[in-house]
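What follows are structure tokens for two forms of the same protein chain, given separately as structure 1 and structure 2.
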Structure 1
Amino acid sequence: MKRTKNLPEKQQKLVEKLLDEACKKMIVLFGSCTAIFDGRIKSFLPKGDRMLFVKKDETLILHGSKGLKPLNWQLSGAGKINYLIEDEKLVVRTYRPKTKETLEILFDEIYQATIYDAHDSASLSIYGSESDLSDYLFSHPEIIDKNFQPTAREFETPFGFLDLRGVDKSGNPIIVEVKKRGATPADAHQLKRYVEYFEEVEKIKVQGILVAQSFSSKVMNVLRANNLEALEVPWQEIFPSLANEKPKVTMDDYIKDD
């Protein structure tokens, strides 16, 4: 990429443009910069080539050349983003009062600045969440146990919501905590605290079952130590993945040309 010298007058013009377009359009700046964040944590980012992305809601995202997570960012809801020239260099400065967080990005050089006029009213639709899995288990209780009869979903306790409640064939109460991913020790603890709620507060002895994709030995230890059950449910078989086969749903099913 050609690196044009950033002449002062050119920079001044850019700043005016940026201030003018802020909150109306997406702004992408590409250049060499350093950054300092101060708030919930402090961080310093030495000089390097980055992409700064400012959205219409003034979310500010500074990306490096690797990984999904940005190097630095500022959430929307911060005050106005300041674009200034200091020492002939572009400085982008934001302050988020709610969390008292400042982000300061100093551009040594700007290689390219682009202002996009984006229109997007669409929103992402999702299928296959943990709550979908709970729903499915509620209506297909035999997956949990052939004698399991669910009685409630999203049952509230003072310790939080539990996913499924039911009984076995003898009427003994069962509670189920559902995780789509692999179980963590925290998940086992979560289930334990629901069981404790019933035993200590409601004076009911319940069987706790943790449903998850997989169980590590440490998690199994916690479960066994607390007399809780583990049930491996491969949700991929419940929500058949299209990944391995020819997609059954293609974009053509959705796309409408104007």
Structure 2
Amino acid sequence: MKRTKNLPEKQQKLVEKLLDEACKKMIVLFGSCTAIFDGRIKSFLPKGDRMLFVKKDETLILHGSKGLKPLNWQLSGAGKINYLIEDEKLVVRTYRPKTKETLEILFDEIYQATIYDAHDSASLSIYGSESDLSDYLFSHPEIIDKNFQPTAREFETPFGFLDLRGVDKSGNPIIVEVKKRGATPADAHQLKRYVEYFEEVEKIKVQGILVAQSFSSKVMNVLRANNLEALEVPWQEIFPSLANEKPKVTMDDYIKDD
């Protein structure tokens, strides 16, 4: 095997291991490279310092020094990834049989090569959406009113799905439209259509409440004109930002006096 240009002995061994254990581990390469894509379209990426990630399922992502979007990528299962040493360069080559497309990433210098036996079976949990807020209000109706008793969640109407439907202690119908952000005039008109639907189709008088983070004077004018109510709910207090939580472990925990 030819040695890669300017590659220290330790990193040379990592590259050799990479070639031997390709597709068995998670691989991270940082170095100077070019990239060539040949297929239905063609592209050429001139030399630059970039980070290449190859995941255990052969998902491939090439990142530059700026921006969120990858410069080149390949989805898992699109094609086999091969690692070669050619003309003192490490070549990462993929071929997609289905589309007959080839991607080559050619490293003339490697600053760091790392192989991880990574294990991760967890899935991302996202909370704090508008739907989550509606679910929370359904479970904690006292936030809307101490006498509010919800009876339905995501109630279907010809104008969309109403977030909450319920009654007060006297059995009078209440409908609630929930917005996580600040309310807009369109939100007020949407609630107005829901109220009109119940009054016209079900022949009942209902109380309409719009829940939102904030209400402008323009929105309040629409609500008042149609006998609708506004309720400010600070969703940040219900779903606090994780970034604002104090870490349970700090750097001080790792620094000990001799």
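Only the largest set of C-alpha atoms that superpose within 1.5 Å between the two forms is called the rigid core. Sequence positions of structure 1, starting at 1, serve as the residue numbers. Here the structure is a predicted model, which means the values were calculated and not measured.
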Selected structure - the one that is the form predicted alone: 2
Core-superposed C-alpha of residue 72 shifting 2 Å or more between structures 1 and 2: yes
Did residue 38 shift 2 Å or more between structures 1 and 2, C-alpha, core superposed: yes
Core superposition between structures 1 and 2, C-alpha change of residue 218 at least 2 Å: no
Cα displacement of residue 56 between structures 1 and 2, core-superposed (Å): 17.9
